[in-house]
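Just one chain follows, in the form predicted alone, and it is written as structure tokens.
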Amino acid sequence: MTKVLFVASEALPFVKTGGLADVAYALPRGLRDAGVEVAVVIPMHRVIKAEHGSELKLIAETEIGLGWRKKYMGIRTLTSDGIRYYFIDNEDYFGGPVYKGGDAESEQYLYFCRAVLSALPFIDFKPDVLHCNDWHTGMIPMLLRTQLGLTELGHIKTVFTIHNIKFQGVMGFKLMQDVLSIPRRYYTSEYIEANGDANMMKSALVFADRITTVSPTYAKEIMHPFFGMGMEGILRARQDDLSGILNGIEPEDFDPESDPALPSHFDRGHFAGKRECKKALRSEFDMGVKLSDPLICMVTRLTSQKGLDLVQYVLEELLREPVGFILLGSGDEKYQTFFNYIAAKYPEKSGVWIGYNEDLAHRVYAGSDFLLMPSEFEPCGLAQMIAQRYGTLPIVRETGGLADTVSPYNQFTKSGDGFSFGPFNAHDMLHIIRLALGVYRDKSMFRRLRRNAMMRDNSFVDSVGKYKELYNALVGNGRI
């Protein structure tokens, strides 16, 4: 049985700031169920210590070399839902925010990369594969090959998954050299240098045995300049080692038949409960739109990547129509200000919650008719999959994982489970929203598309099979 150690900066059920935590929760469970022996290692962030500290078993306490200095490393463990978790403990690095920002964050995760490898001799899990995720783990493949290749750890293979190539772990080489003792000969464009800085993600793209990303379309997109964010050259050079394997969700966590966050339950054959969820959601946001009017939601980070400039341009025009709009999210101040302005100007037709609340997110998905997700780029996206589980039809731009997970409505074949548009243009988006609103008025067709969405399999089942095949090929137990 292939043994895989999944390495990430965050993972549910312990800590979450974004979608990586969902993947680091669901994918290991799918791998376990498929016969892969899997464990997970993450930092012991402050929130984990506060909420689970008494449950964690101490394995080892030691000091590890970090350049010229010695730094404490504690290793603690806990088994949750049959998955063994290991936690790297250091109060200086993980006693504050999950992501400190700036050079402090760079040093945070340079330490984590060193600590993961230093922890391997102390834990009772001997991996065949280290599955590293995003730039926070990007130095692990390089350290393994260049500093540990002749040790007993040298046989371990590495898989590196790009969740969002925009964030790369960029820093001055002096900081990286100081912390990890990287020889200067590697500070070239052939290895870890990019645009005059050291780059943790590029290091992984050069040294990992295999590279994956989170959707087939995104794997193709990032080999081109707009999407590749400067990494397109190395990705084209390694395209034979690059795979796009779609993310998924844990269906049991988003089940409208049993979700405890919902005021009423429903399934794809009985939508009375969804109507009650919509009624309760309107009341929760104190909205005056008719129950019969369509309700469009967004559950999103408020960043330009999410297509919010398009929304800003046409939202007031849209709200002149018989439609309601709900937003749940936080992020850039300019977008928060805009949506607060919308809530104040159109209180009867809009509801805005700046921040995030998991139970409220479930109620928004369940009580809405459409989810708007017009991303400029989207490596995979989970919101559209969650919305489909609740019979809420996604309206998306055709990019990355959105193109792979939403089958657009076809008026000739009467098929589809959502709506999509191509050009990154506000009025192209508005045109598709109006098409969706027209379909909403055709109750029979809308119900058909809603059922299609709820029947879609957005679990990790298919993706787990692809990862298992990849792991087995790497360690000589199979082939790709």
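On a predicted model such as this, the values are computed, not experimentally measured, just so you know. For every residue, the number given is its place in the sequence shown, counted from 1.
The form predicted together with adenosine-5'-diphosphate is left out here; the points below concern that form.
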- Answer with yes or no whether residue 94 is in contact with adenosine-5'-diphosphate in the model of the complex, where contact means some heavy atom within 4.5 Å. no
- Any chance residue 288 has a heavy atom within 4.5 Å of adenosine-5'-diphosphate in the model of the complex? no
- Task: Could you confirm whether residue 390 comes within 4.5 Å of adenosine-5'-diphosphate in the model of the complex, counting heavy atoms only?
- Result: no
- Task: Considering only heavy atoms, tell me if residue 358 and adenosine-5'-diphosphate come within 4.5 Å of each other in the model of the complex.
- Result: yes
- Message: Counting heavy atoms only and using a 4.5 Å cut-off, do 37, 129 and 466 all touch adenosine-5'-diphosphate in the model of the complex?
- Response: no
- Exactly one listed stretch (329-337, 138-146, 171-179, 114-122) reaches within 4.5 angstroms of adenosine-5'-diphosphate in the model of the complex by non-hydrogen atoms, and it is 329-337
- Residue within 4.5 Å of adenosine-5'-diphosphate in the model of the complex by heavy atom, from 366, 383, 296, 198, is 383
- Query: Heavy atom within 4.5 Å of adenosine-5'-diphosphate in the model of the complex: which of 275, 220, 301, 166?
  - Reply: 301
